[in-house]
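One chain comes next, on its own, written out as structure tokens in the form predicted on its own.
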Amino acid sequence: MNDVIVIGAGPAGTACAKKLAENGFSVKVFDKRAEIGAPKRCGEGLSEASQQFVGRIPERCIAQKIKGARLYAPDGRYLDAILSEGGFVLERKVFDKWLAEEAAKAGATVQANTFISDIEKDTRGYFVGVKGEFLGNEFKEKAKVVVCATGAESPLRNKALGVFSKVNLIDSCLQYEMTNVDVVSDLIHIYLSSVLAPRGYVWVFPKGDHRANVGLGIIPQEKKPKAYLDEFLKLHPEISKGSILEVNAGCVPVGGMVKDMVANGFVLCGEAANHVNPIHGGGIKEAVMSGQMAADVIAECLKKNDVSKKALSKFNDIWWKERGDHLKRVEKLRETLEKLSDGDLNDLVDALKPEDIIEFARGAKLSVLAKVLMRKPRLVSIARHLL
């Protein structure tokens, strides 16, 4: 019997597996994709400071180093928010595979192209293993703890804990990787507009010489993301003249973080628990931290030979204290911004400083934004939501 089975070899799953393996536990990681990291489901941005959690990222995983973000108001004016530590636009297909390699080097067994169809319980109500299929061969595998790190679209989390993503708390996303485009390459570009991207934003993330990820996330509705992205491209001939090398689509949770992430012999982490920054949808850092926190608690429980829900619930306490309460503040910011018109967003360019934008994305200094909004009587009630 394995100590732990991890379902999903994204950043949360491999971070969890690596830490457990480093502590001497037997770990198997199963991923449904034929190639770990592909297809990518991400704009691929990451702050350089995230390396304190992720580890030193090899150059081969980095497509472009960036110094910050250019945030555009609907009228075209912009603020340049420069990060003190800088950041990266990654090659996620290389990056995710590197994370999986690191987990394997630590002692975990990683297996791609493996579909896990069910999680099995014993007569006590403990989760004790999985049922799956690898290259046409069905199998069952036992473990003392099952970790679900499948992302936000797997039914397994619903089966185990009744967790699902509410339609009003996910963004529908579409992204093109494009070449022969002209963009400032050392900044990521964020376009805010309630018309062009309702509840979300358009992004252009440079990936080197005349190459970029161009995409958007919007609240799901009758009008599809492609129609919005087409409208954005029409307004930007310097981008629309390019060619599309790759198309990526999917859904990203922008709220609804799971309160209770454990059951007897079972832990939910990463995007499967909606551990995503609600304002920009970035999930790599949150996934790694979530997986590592889960690993710490699981290791402690295995050493005590107690993997009950009560023992594993320490993960709930730690994650909410370290990340959850912070991300709830960021969610308040997202809820506030989605209520603003394009005119309101234009006004913010004059009223805010670049450093304010950086702090807001971190869930800090929201009172600054509240004070700005309170200058307009009709926005007072919206501003109070931030406080």
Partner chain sequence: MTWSIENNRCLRCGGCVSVCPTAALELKDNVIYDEKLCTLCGICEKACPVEAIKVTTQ
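Note that this is a predicted model, so its numbers are computed, not measured. Numbering follows the first chain given and starts at 1.
Separately, the form predicted together with its partner chain exists; it is not shown, and the next lines address it.
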> If you check in the predicted complex, do Phe30, Lys97 and Glu102 all have a non-hydrogen atom within 4.5 Å of its partner chain?
Replying inline: no
>> So in the predicted complex, is its partner chain close enough to Glu120 to count as touching (4.5 Å, heavy atoms)?
In response: no
>> Contact with its partner chain in the predicted complex for Arg41, defined as at least one heavy atom pair within 4.5 Å: yes or no?
In response: yes
> So in the predicted complex, does any heavy atom of Val167 sit within 4.5 Å of its partner chain?
Replying inline: yes
>> I'd like to check something about Glu153: if you look in the predicted complex, is any of its heavy atoms closer than or equal to 4.5 Å to a heavy atom of its partner chain?
In response: yes
> Since the chain is shown here on its own, which stretch among 145-153, 79-87, 201-209, 185-193 would lie within 4.5 Å of its partner chain in the predicted complex, judged by heavy atoms?
Replying inline: 145-153
> Among Lys159, Lys241, Lys303, Lys140, which has at least one heavy atom within 4.5 Å of its partner chain in the predicted complex?
Replying inline: Lys159
> Though its partner chain is not shown, can you say which of Leu229, Val297, Ile116, Met289 has a heavy atom within 4.5 Å of it in the predicted complex?
Replying inline: Ile116
> Mind listing which residues of 216-236 have a heavy atom within 4.5 Å of its partner chain in the predicted complex?
Replying inline: Pro220, Gln221, Lys224, Pro225, Lys226
